[in-house]
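Below sits a lone chain in structure tokens, taken as the form predicted alone.
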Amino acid sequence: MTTAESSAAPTGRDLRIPFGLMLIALACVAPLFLGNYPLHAIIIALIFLLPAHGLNLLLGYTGLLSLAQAAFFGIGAYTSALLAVHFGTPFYVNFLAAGLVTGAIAAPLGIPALRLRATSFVMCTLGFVIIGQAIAKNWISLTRGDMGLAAIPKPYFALGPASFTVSGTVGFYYLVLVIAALATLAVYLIVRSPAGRNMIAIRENETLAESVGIPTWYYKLVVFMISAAFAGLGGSLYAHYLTVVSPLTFQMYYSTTMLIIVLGGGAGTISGVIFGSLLFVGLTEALRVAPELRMIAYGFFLLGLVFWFPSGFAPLIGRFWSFLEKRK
């Protein structure tokens, strides 16, 4: 846990539950006041929240910088798309399979990669993205190459004799909102558990953590797999929302977006990553109204963030909780 979050916790703890409930209530009624495009932006932000949560576990709580999230995001998207297109399986089967497959693939990749340190590990994870995109382009019999997989069905649920399909922006918004809330709860339970405290110990001083009996390499491998699974789940949602996947799903832009969400929101904080996802992904979607200036404005925004909030928005969120407590 970062200094900003830990310092705010004792003072803001009494206010977090009612404030969180208020935000949930606002999220539930948001479709009544927002049009399709703002809801689309929020859906994309919530989809990217899943791989960002995974990266936050790896970087923010365990201290490992990985650029491989786009690779696992793409693997999850293709896994879900292939199952839906070729086998017609329900969404929840595709969704769970995407997480399990990416987590399983991360294991043999992580075993050699986690033997590396610092820059070497980062470069290795970058290689995973390049390899994943190359496979998606060249394994044409499976992935259809640059043509990609189209006509992916919308989320379909088969519950005994009853079945229904989630269609439309509003329906998909509520589906993603529930999944994002459950993912956030899972991350919270992980970081508050004894395993989470061991992860923080590894981040702070790996040598010292190992000296007191924490199996550091084992923890890093498990967190790497969990991080990949979160990215795969996000890729599954992405595939079923856009109904098309292609090798572009593996593009490095997605890894940098997830990294910006975590670092800009506040690595090692859950609230910071949620804020960062809504802000940075929502901002890029909102700037599409001015395509000529979109990336320039986004670049200036990131420069301002680096100079004015070098630790991300986590300290600002901490001060917000302190302000609420003083006004109480």
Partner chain sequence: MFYTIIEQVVNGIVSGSVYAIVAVGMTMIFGVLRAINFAHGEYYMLGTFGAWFAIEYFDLPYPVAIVIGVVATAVIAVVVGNFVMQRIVGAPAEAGVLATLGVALILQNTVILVFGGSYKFFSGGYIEPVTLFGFTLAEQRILIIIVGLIVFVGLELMVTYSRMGKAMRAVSQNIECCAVVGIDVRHIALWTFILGAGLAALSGVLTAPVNVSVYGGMGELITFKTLPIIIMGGLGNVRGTFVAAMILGIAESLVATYVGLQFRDTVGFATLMLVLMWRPHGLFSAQARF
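Computed from a predicted model, the values in this text were never measured in an experiment. Positions refer to the first chain, counted from 1.
Omitted from view is the form predicted in complex with the partner chain, to which the following refers.
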| Is every one of Leu59, Leu126 and Ala134 in contact with the partner chain in the model of the complex, taking contact as a heavy atom within 4.5 Å? | yes
| request: Heavy atom within 4.5 Å of the partner chain in the model of the complex: which of Leu34, Leu302, Cys28, Leu283 fits that? Just give me the one. | output: Leu302
| remark: Only one of 239 to 247, 86 to 94, 252 to 260, 148 to 156 sits within 4.5 Å of the partner chain in the model of the complex by heavy atom distance, namely 252 to 260
| query | So, in the model of the complex, is Asn205 in contact with the partner chain at a 4.5 angstroms heavy atom limit? | reply | no
| request: Check whether Ser211 has any heavy atom within 4.5 Å of a heavy atom of the partner chain in the model of the complex, and answer yes or no. | output: no
| query | Taking heavy atoms only, is Leu287 within 4.5 angstroms of the partner chain in the model of the complex? | reply | no
| Any non-hydrogen atom of Ser193 within 4.5 angstroms of the partner chain in the model of the complex | no
| query | Which residues in 110 to 132 have a heavy atom within 4.5 Å of the partner chain in the model of the complex? | reply | Pro112, Arg115, Leu116, Arg117, Thr119, Ser120, Met123, Cys124, Leu126, Gly127, Phe128, Ile130, Ile131
